[in-house]
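In C-alpha cells, one chain follows: the form predicted alone.
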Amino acid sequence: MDPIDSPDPQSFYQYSLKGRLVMARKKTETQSKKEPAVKKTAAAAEEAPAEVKAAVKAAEPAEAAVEAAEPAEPAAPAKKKAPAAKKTAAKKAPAAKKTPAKKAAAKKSAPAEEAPAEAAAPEAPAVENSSAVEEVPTMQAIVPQPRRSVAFIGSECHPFVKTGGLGDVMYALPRVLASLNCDVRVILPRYACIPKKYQDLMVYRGEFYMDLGRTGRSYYVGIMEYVCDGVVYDFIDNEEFFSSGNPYVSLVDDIPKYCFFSKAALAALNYLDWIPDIVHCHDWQAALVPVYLRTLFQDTPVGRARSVLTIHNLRFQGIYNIPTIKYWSGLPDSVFNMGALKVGHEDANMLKGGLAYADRITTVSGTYAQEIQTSEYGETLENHLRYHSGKLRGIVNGIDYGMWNPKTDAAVAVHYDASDAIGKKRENKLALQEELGLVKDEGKFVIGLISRLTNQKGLDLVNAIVPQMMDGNTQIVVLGTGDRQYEDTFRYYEGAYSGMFSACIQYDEARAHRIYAAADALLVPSRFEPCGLTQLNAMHYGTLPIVRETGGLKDTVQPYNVFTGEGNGFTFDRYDAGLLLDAVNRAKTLYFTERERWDEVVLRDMAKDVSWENSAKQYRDLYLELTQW
C-alpha cells in the first residue's frame, strides 16, 4: 500500500516531507556518479547543506507532535462468523447457491482500516549536495486522512428512484464523500419502478433468508449490486415488499415494507462481510436502523458501527399503533417507551425512536435545526429534539454541479456561464416562451415556480397575489404536481391570463432545467423549508430567488440591500401574502429601473459556491468525531 493511502498519519507525514528528502538524496547520488566532481566556493558549500539540514531539523519536532497527537490506529477486531448469522436472525440460503465467487467478493469489500499499513519511511540522513534542494519533487494531490467507511441507508436515490430532495442527497453526497477518501456504499430497496436500464446492470451478490418480527416466517433477502463513480449501490430484493410502482403507497403498506428494509440492510452488511464505521440513515423510512443496531444487532459485526440519522422533513415520521410496529419490527418491549418509540397512549413513532438511539442527528440546514426545537416547527417532537439537542447538527445541502451546470446542461436551449450569462439568458427566455405558448418578449419579467403543489410550499400566498402580479410586464411559469386545489387554481390562471401565465401540471425534469435557465426570478415562499434545493439551482443558473426567511432558505439567501448593493435575492419574514407581494415588487423595481445592478446580482449568484464540497467536508468531520480510535 502506498503511504499516501495509509490511514496512519505518521506514514503520510514522512511521505510528504522526509520522503521527499530521501528521494532528493538518491537523485543527487545518481547524478554524482555520472558527472565529474565540480569545485565549489566555500560559501556555496556551506549555504546549501545548512538549508537542507534546517528542513530535516524542522521535520523532527513536527513528526514527534504527530506521533503524540494521533497514535497509530489499532488493529480491527477479529470478525465473528457463524454465531453472527444467528444473532441477526438471518438464515443463509442453501449451500448450493453460495459460490466461491461470493466469498471472494466479500473479502474484497472489507473495510479499508483492516488492510495492514506499510512500514513508516526510514529516517532521512543529511544531504550533502546543494542541487538536491532545487530538485525536491512535489506531491500532486493530498488525500484526506484517515479513511472511513460509510453505509448510506435510505428509501430513494437519483437516478434509480426519486420523489424529492432526499433522492438528490442520496445521489450527490456519497459521490463527493468518495472523493474525500471515504469508502461508501448506498443501500436501497429494489423497487419494481427502477428503470430497466439500471436493473439490467445490477450484479447478483447473494441471498439469504431472514425472520421478520413476530410473523413466524422467513423472508427472502436478495442482494443486487451496481457500481458507479466510486460508489457501490446495493439493492435489497424482495418482490413481496417492493413490487409496487411507487416507493410510498400508504402507512398500512409502508410500515411493514420499511421494517423489513431496515433490518435487511443491516443483515446484508453482515452477510457481505462489509462492516462500516458509520451507518448513515435518512428519514423515517430508515429510522429503525439505529434502534436495530443497538438491540437485535448489537452483538454482531455490524453492531460496532456508529449511527447518524438525517432529518430531511420532520413532518413525515412513520407513526402507527404499537401492536402493528411490534409485530413487524420484532423489537424488544423496552424500546416502546416514552423516551424512544412511544407517543401518546397507544402509538409508536419510528422517527422518534431513531432520534433516541442514533449517535448523531443531522438536519439539512442550521436554521431548521433550531426551528424544529420550537412548537411552531417541531411537529410534536420539539421536546424530544430539545432533549437530544447535544447530538443535533445542521448541515446545509448542496447541488451536484454535474447535474446542474448551465454551461453543459443538455436540457437548456442555449449554454452559458458567468462570462456571457446576461445575453444568453435572454435567448433561453425567448426559447421557453415559444415552447410554452407565451408572448415572446425578452423584456418581460419571467417568474418561475418549480415545486410540489402542497400547502407546505406557500402556494396559498401565491394564489392570493397572482392578479396583482399580472401587470402586463410579468409572466409566470408554474411546474409541478400535487394537491388538486392548487392544480385547478393554476389551470384557471392559465386560461385567465392567456399568453402570460403557464401551468405545467406535470413532473418534467428537463423542463425544470429550462425554466431555471430562462426565468429572471424564482418563487419559494414556503411555510417551512428544511433546506430547499430549488433556490440553489436557481442561483447557479443566474435566476434570483424570492423566498421566505425560514429553514435553509434563510441560510442560503441574503436579502438584497438597495443602499449597499449586497445580497443575492429577495426575502420576507412573516407568512403573509402582502409581504410576499412586496418582495416580488422589490425584485421587479430593481429589474426594470436598475438593470445594471440586477445583472451584478445575477453574476454574484452564479459565482457563489453552492456545491456539495463544503457540506461533504462537514459530514466527514462528523464521521471522524464519532470514530476517534
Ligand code: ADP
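Note that the structure is predicted; figures quoted are calculated from it, not measured. Start at 1 with the first residue shown and count on from there.
Below: the form predicted together with adenosine-5'-diphosphate, not depicted.
**Q** Answer for Lys425 alone: is it within 4.5 Å of adenosine-5'-diphosphate in the model of the complex, judged on heavy atom distances?
**A** Flag for Lys425 set to no.
**Q** Can you tell me whether Lys263 touches adenosine-5'-diphosphate? I mean in the model of the complex, with a 4.5 angstroms heavy atom cut-off.
**A** Output for Lys263 is no: heavy atoms all beyond 4.5 Å of adenosine-5'-diphosphate.
**Q** Can you tell me whether Pro323 touches adenosine-5'-diphosphate? I mean in the model of the complex, with a 4.5 angstroms heavy atom cut-off.
**A** Although adenosine-5'-diphosphate is absent here, Pro323 would stay clear of it in the model of the complex, with no heavy atoms inside 4.5 Å.
**Q** Would Tyr507 show up as a contact with adenosine-5'-diphosphate in the model of the complex if we use heavy atoms at 4.5 Å?
**A** Yes, Tyr507 sits close enough to adenosine-5'-diphosphate in the model of the complex that at least one of its heavy atoms falls within 4.5 Å.
**Q** Under a 4.5 angstroms heavy atom criterion, identify the one residue in Ser329, Ser451, Gln475, Thr310 near adenosine-5'-diphosphate in the model of the complex.
**A** Only one option qualifies, and that one is Ser451.
**Q** Have a look at Asn537, Ser365, Asn181, Thr300 for me and say which one sits with a heavy atom within 4.5 Å of adenosine-5'-diphosphate in the model of the complex.
**A** Comparing distances to adenosine-5'-diphosphate in the model of the complex, the residue within 4.5 Å is Asn537.
**Q** Just one of 263-271, 368-376, 507-515, 385-393 has residues with a heavy atom within 4.5 Å of adenosine-5'-diphosphate in the model of the complex, so point it out.
**A** Looking at the other structure, the answer is 507-515.
**Q** Go through 386-418 residue by residue and record those having a heavy atom within 4.5 Å of adenosine-5'-diphosphate in the model of the complex; state none if no residue qualifies.
**A** Heavy-atom contacts to adenosine-5'-diphosphate in the model of the complex: only Trp404.
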